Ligand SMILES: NC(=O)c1ccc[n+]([C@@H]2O[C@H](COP(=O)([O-])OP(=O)(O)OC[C@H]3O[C@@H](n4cnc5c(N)ncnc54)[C@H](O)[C@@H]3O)[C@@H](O)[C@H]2O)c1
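What follows is one chain in structure tokens, specifically the form predicted on its own.
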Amino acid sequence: MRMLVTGAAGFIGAKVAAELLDRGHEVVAIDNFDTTYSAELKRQRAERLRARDGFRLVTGDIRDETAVRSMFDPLPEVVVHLAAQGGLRKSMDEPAVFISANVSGFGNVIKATVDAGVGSLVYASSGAVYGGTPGLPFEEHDAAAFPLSLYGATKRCDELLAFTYAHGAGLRCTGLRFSTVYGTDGRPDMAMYTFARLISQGQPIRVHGHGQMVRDFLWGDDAAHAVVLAAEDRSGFGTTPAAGGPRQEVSSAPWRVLNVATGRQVGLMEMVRLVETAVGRRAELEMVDALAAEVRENRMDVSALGTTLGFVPSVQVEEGIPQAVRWYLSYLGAATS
């Protein structure tokens, strides 16, 4: 199949594009190589993909409607939309940037998908949509009405926009609510990497929430595999019954959201200890309050993901964090040499 992938030079996007190629698909991709973090790292990912048969990359921005529409000739069979601005804390300081990329950009992609007659859209949402949702674990049928960050609000907005096109145009829309994704070839601005750098330099690290925060850490290749499974899936589905579901007459709209996580909770201090071990040095800890945009505990029910797509995570933190830290310290050395 021919797949259109937005954000293909990004952390997850590059891994998705590579796996799609591995599985025999053709990939048409777009990325704007912005400088939210190292554009050079993104170019390196892109060059590895360019060396492969069946891959074509266009430099462009999803906020540019003309650039987006140019990607639909020749026509893809599935659109995988991963391009976005990320970062809970940063989103509160730069709302216009996040709204333009995550909402307006999403609108350009989904409208172009419908206008081109493509039948299926898979897009990245986030566990941040749950925010202040009461009750754990978070489940797809929760209302997800109380995101605590503007980033989470933009992702929830995307889900709602997707429902309108699933209902109005019959577009199959699958939103993947990712937990905390990490791994090799990742975003250098992630907290895990910041911890590794500071610990290796003998500098203190700031531990938010006084070390009491809990996360579900998802290996980057596993996250990418979930995207690929969703893109290849041809099974029929109706509307995820969030907040009790819609009226019966519109409940057949092909709109679903799926939690993408391991289902295992890892305390922040457990993550810190694994980073310390990988670095080979103890951390000097500075305990600070959590930010208002941060959820204290992000625990997600992943049963629907296994049932619908057969997804099983392959890497847990004991194996993944050492690999990720080794990659980052090697990358840091190469970047500063």
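Throughout, we count residues from 1 along the sequence that is shown. As the structure is a computational prediction, the values presented were derived from the model and not from experiment.
The following text describes the form predicted in complex with this ligand, which does not appear among the structures shown.
*Non-hydrogen atom within 4.5 Å of this ligand in the predicted complex for each of G10, R45 and D61*: Checked in the predicted complex: all three residues contact this ligand.
*If you check E297, D34, D301, E26 against this ligand in the predicted complex, which one has a heavy atom within 4.5 Å?*
Filtering the options by heavy-atom distance leaves D34.
*Exactly one of V257, V122, A83, A162 has a non-hydrogen atom within 4.5 Å of this ligand in the predicted complex; which residue is it?*
Filtering the options by heavy-atom distance leaves A83.
*Exercise: A101 in contact with this ligand in the predicted complex, heavy atom 4.5 Å*: A101 belongs to the contact set for this ligand.
_Contact of Y130 with this ligand in the predicted complex (heavy atom, 4.5 Å)_ = Flag for Y130 set to no.
*Taking heavy atoms only, is T113 within 4.5 angstroms of this ligand in the predicted complex?*
Although this ligand is absent here, T113 would stay clear of it in the predicted complex, with no heavy atoms inside 4.5 Å.
*Within a 4.5 Å heavy atom cut-off, is T180 in contact with this ligand in the predicted complex?*
Yes, contact at 4.5 Å.
_Please pick out the stretch from 72 to 80, 238 to 246, 263 to 271, 171 to 179 that is in contact with this ligand in the predicted complex, where contact means heavy atoms within 4.5 Å._
Result for this chain: 171 to 179.
_Partner contacts in the predicted complex for 139 to 175 (non-hydrogen atom within 4.5 angstroms of this ligand)_ = If the 4.5 Å heavy-atom criterion is applied to this ligand in the predicted complex, 139 to 175 yields Y151, K155.
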